[in-house]
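Presented below, as structure tokens, is a lone chain in the form predicted on its own.
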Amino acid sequence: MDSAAVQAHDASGHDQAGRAGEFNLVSANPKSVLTGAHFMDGDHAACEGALAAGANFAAGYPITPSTEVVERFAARAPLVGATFLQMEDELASSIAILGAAWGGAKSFTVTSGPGFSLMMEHIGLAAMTETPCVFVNVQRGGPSTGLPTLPGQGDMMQARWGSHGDYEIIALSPNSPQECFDLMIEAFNLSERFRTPVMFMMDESVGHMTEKVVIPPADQIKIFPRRFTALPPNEYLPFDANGDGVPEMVKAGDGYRIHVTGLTHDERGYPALNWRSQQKLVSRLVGKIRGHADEITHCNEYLMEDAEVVLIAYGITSRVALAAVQKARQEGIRAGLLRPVVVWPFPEKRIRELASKAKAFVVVEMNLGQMVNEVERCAAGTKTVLIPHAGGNVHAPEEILQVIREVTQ
């Protein structure tokens, strides 16, 4: 990320920030960063990433396999001046982080599939009110109670379309504990930059996988702070967008007049229930993400220079798919892997580029077909094959390799 908010301080003690185009990244808070090499699982690494990003408020309700994230946060919070609240359910948790954000906190909640379903109304509210926050979903097999202790990737379309109405979302998918740390920082940076809820789509395998995680010194971790306004109260309009379509914020209780509602609203935040206001507001909410999609989108590519068969996989499934690609190469098959790290916005431009030269796309998902529909849309006629899995365990590399062989015959 190339830009962020640089905080200043005025005589009244309000945090301030420059207008659009004047932002600079700042370093993480040393008190929140456990610098060094650690052996930890993905859930704990995600917690450490949130703390390094400046998260100082979390609310949650215990649900397998995500509970370890906030268990660690609850233990670390008193040491770094943060707050954790165990709420009575996921509905209370998801609305609590919105209120905390408007009080000036960097906030997040953690859940799995059943709780994620309950949070959908507040994800839509966060999008409408432009509340920066992060929703962590450690996915398990579903639907309903499903497989509480086993992995799944069945919530990917829900992350994009789960709440009603038109809105855009940003969602990231780590495939290792190291990325759980690194991408949690990115998730908070994106949420602050675009004033939007960001989905952090883990899976049980990554959440409970234990590997080496290297946490750099605080001054090497770049943070996008809250975009607080420098305007005096009599000039500030809470939803008056900057040149990049993202309004500046204030803290509730700091003397600014703010009105925050899920209703269609004008720049003052007051309800404006007509089609013109709806068109103006919702177009801006969608446009601030779509207009920066090329910048937000992030994929990793492996052995793609001459690939004729392109595997597409994310999360834990991408690690298994890579093993299949390596086996295919040993057989002389020119296979490669495209791994979406940011899954929403979808990397459609890159897939269209690859469709012009690839013979086939093979999509590997731990569900019965979700992101494959987006691949097929962008492939525009290039052969697209799904290797589905209902969840509970990961694919076998040999199963993927067999499909690679078949599409090259």
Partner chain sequence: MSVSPAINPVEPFLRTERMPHIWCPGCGIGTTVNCFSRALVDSKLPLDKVAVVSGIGCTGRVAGYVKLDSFHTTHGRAIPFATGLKLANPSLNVVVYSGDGDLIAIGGNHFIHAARRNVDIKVICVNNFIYGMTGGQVAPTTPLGATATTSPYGCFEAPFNLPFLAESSGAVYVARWTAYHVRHIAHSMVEAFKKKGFAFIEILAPCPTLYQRRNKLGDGLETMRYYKQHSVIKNGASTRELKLDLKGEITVGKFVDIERPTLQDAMDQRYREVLKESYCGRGGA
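Everything numeric here is computed off the predicted structure, so don't read it as measured data. Positions refer to the first chain, counted from 1.
A second form of this protein, the form predicted in complex with the partner chain, is not displayed here; the remarks below concern that form.
Partner-proximal stretch of 100-108, 301-309, 216-224, 281-289 relative to the partner chain in the model of the complex, 4.5 angstroms, heavy atom: After filtering at 4.5 Å, what remains is 100-108.
Candidate spot M157, V364 and G381, all three touching the partner chain in the model of the complex (heavy atom, 4.5 Å): No, none of M157, V364 and G381 comes within 4.5 Å of the partner chain in the model of the complex.
Selected contact from E267, D244, E295, D254, since only one has a non-hydrogen atom within 4.5 angstroms of the partner chain in the model of the complex: Of E267, D244, E295, D254, the residue with a heavy atom within 4.5 Å of the partner chain in the model of the complex is D254.
Contact residue in the model of the complex, chosen from L147, A328, I95, I185 - any heavy atom within 4.5 Å of the partner chain: Of L147, A328, I95, I185, the residue with a heavy atom within 4.5 Å of the partner chain in the model of the complex is I95.
Contact test in the model of the complex: P114 vs the partner chain, heavy atoms, 4.5 Å: It does not: once the partner chain is placed as it appears in the model of the complex, P114 has no heavy atom within 4.5 Å of it.
Non-hydrogen atom contact K357 with the partner chain in the model of the complex at 4.5 angstroms: No, K357 stays farther than 4.5 Å from the partner chain in the model of the complex.
N56 within 4.5 Å of the partner chain in the model of the complex, heavy atoms: N56: yes, in contact with the partner chain in the model of the complex.
Touches the partner chain in the model of the complex: E235 (any heavy atom, 4.5 Å): Close contact is absent here: in the model of the complex, E235 is far from the partner chain, nothing within 4.5 Å, heavy atoms only.
Sequence-ordered list of residues in 80-96 near the partner chain in the model of the complex, where near means a heavy atom within 4.5 Å: The stretch 80-96, when checked against the partner chain in the model of the complex, contributes V80, G81, A82, T83, F84, L85, Q86, M87, E88, D89, L91, A92, I95, A96 at the 4.5 Å heavy-atom cut-off.
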